[in-house]
Ligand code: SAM
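What follows is one chain in structure tokens, specifically the form predicted on its own.
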Amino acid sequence: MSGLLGAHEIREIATRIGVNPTKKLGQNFVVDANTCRRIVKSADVLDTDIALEIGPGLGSLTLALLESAARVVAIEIDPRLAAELPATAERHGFDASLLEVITADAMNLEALDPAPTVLVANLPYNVSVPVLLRAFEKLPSLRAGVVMVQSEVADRLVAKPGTKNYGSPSVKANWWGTLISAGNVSRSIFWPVPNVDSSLVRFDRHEVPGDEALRRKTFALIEGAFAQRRKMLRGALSELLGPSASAIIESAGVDPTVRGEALVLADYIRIAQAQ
């Protein structure tokens, strides 16, 4: 088995290429090899998988993916980090031809060729939800994956209806897949050590419940309901549905006096179809 990066080498690489981790880019590098292997194992990465990694940084998780996947595609916004990644792979005994590095902002993610089958990433705290939802939307080839995100974000992604953490990310993510908690990680595995806790979220894709037009209508309703989550549904959606809001909601088999946090994705879909 090829070696993975340790804390000392990670700092050495950063110093050599002039990288000082910044909060702006959410750069907290994983320095624990066992955690990297745990994440890859949690994602059930197979030797036939094309793994997508978003924000590989200095390559800790990248090398763990190269141990298990057939090929790794890494999207890195920092050109210095992107340029160094293949050399890091080679130094640790991996075939750099099995690693494709794309210097880009994952917020602008589009279809990739070859199409990735599994997503494994340490997502920057400030953009984790929009990046994850964009990956779901733009990459229907993804069958599963595990992402490491801020614990508060993880709680929202896996939250159930009626709980305080349940919100638009919880409902939207379910359009594409089922999300569950895959455990917590210690702050000490990062450099620099963040001032927030992190958790793992596992997702498994299922068949989407409708076409793109229905998704857009449904997501607009979700956003409207949670933008005014203290209001009854008929009030929160009155701007979108007009004076007939109550009648439309009732025709979908939903009580217009409940709040949006009481509904599951299927409820929002029925309201969208009833418009």
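Start at 1 with the first residue shown and count on from there. Only a predicted model underlies this, so the values are computations on that prediction, with no experimental measurement involved.
The protein also exists as the form predicted in complex with S-adenosylmethionine; that form is not presented, and the subsequent description refers to it.
Out of the listed residues L132, L81, L99, A154, L81 is the one that sits within 4.5 Å of S-adenosylmethionine in the predicted complex by at least one heavy atom.
Of the listed positions (A159, V73, A89, V127), a single one reaches within 4.5 angstroms of S-adenosylmethionine by any non-hydrogen atom in the predicted complex, namely V127.
When S-adenosylmethionine is considered in the predicted complex, L123 lines it closely, a heavy atom lying within 4.5 Å. Contact annotation for A104: at least one heavy atom lies within 4.5 Å of S-adenosylmethionine in the predicted complex. Contact annotation for A144: none of its heavy atoms lies within 4.5 Å of S-adenosylmethionine in the predicted complex. Within 4.5 Å of some heavy atom of S-adenosylmethionine in the predicted complex lies at least one heavy atom of N28.
Only one listed stretch (203-211, 229-237, 48-56, 246-254) carries heavy atoms within 4.5 Å of S-adenosylmethionine in the predicted complex, and that stretch is 48-56.
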